[in-house]
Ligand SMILES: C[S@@+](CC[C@H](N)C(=O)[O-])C[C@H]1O[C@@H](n2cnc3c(N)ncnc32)[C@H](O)[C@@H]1O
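As a starting point, one isolated chain is supplied in structure tokens, in the form predicted on its own.
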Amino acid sequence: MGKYVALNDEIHAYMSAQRSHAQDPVVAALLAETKNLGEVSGMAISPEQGSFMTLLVAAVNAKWAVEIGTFTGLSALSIARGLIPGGRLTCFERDFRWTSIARRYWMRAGVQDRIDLRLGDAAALLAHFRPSSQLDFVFIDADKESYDTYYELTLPLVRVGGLIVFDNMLRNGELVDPSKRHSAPNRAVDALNRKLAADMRVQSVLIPIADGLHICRKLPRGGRPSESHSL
């Protein structure tokens, strides 16, 4: 029997409230403006996901980070807040329509000087991206069919022990729904989930925060750690 708690609205609200800085006014204002965009607002990460990423970034003492897919900027804001002094986040975003919103809130949060926003096709830009140091943290939240491409482009740039985090890896439960699992985005995400679980270059775990985060830690050349060092 699996050990888990099935969420409903009340449990989710309770969970989301029990975190540091849960009443952040900048995040609340950004989410409110994003919600007013309509259906597209569903691309934004959740506030508790943002808090979790800030914690992850801080936990690995990240200085150099990359984000692929920025939208209105909450994920970038969350990553930037966790960076050590002098840290830098490079964001790759294809759609310039949302970045003016992102920039305003980065300024309100006081993190604009830590973020380098690059507009254009992420795969093309990453192919020529040469960071000044190995990356400590990568967050991928863009077109799902390109996730594996982004993974292979960024993994060589990440230091041993660094993290790569993928969003939307449960696809709202559609990966196990026979009527929906065969769409192109769902097939791509399912294939990547299975690849990451078996990839000897990383240690990975898929967790049910928001729409599912697959978290990967880069391993030294030679394979997986011993069972005693597993997550």
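Every value quoted in this text rests on a predicted model; they were computed, and no experiment measured them. One-based numbering along the sequence shown.
Just so you know, the form predicted together with the named molecule exists too; it's not on screen, but the next bit is about it.
Interface residue remark: D141 is counted as part of the site for the named molecule in the model of the complex, having a heavy atom within 4.5 Å.
Using a 4.5 Å cutoff between non-hydrogen atoms, E152 does not count as a contact of the named molecule in the model of the complex. None of the heavy atoms of D136 is located within 4.5 Å of the named molecule in the model of the complex. Using a 4.5 Å cutoff between non-hydrogen atoms, L192 does not count as a contact of the named molecule in the model of the complex. Annotation: in the model of the complex, residues I45, F71 and D121 each come within 4.5 Å of the named molecule through at least one heavy atom.
Shown without its partner, this chain lists R88, R104, R94, R159 as candidates; in the model of the complex, only R94 has a non-hydrogen atom within 4.5 angstroms of the named molecule.
Contact annotation: the named molecule lies within 4.5 Å of heavy atoms from the stretch 142-150 in the model of the complex, the single such stretch among 80-88, 128-136, 142-150, 106-114. Along 50-65, not one residue places a heavy atom within 4.5 Å of the named molecule in the model of the complex.
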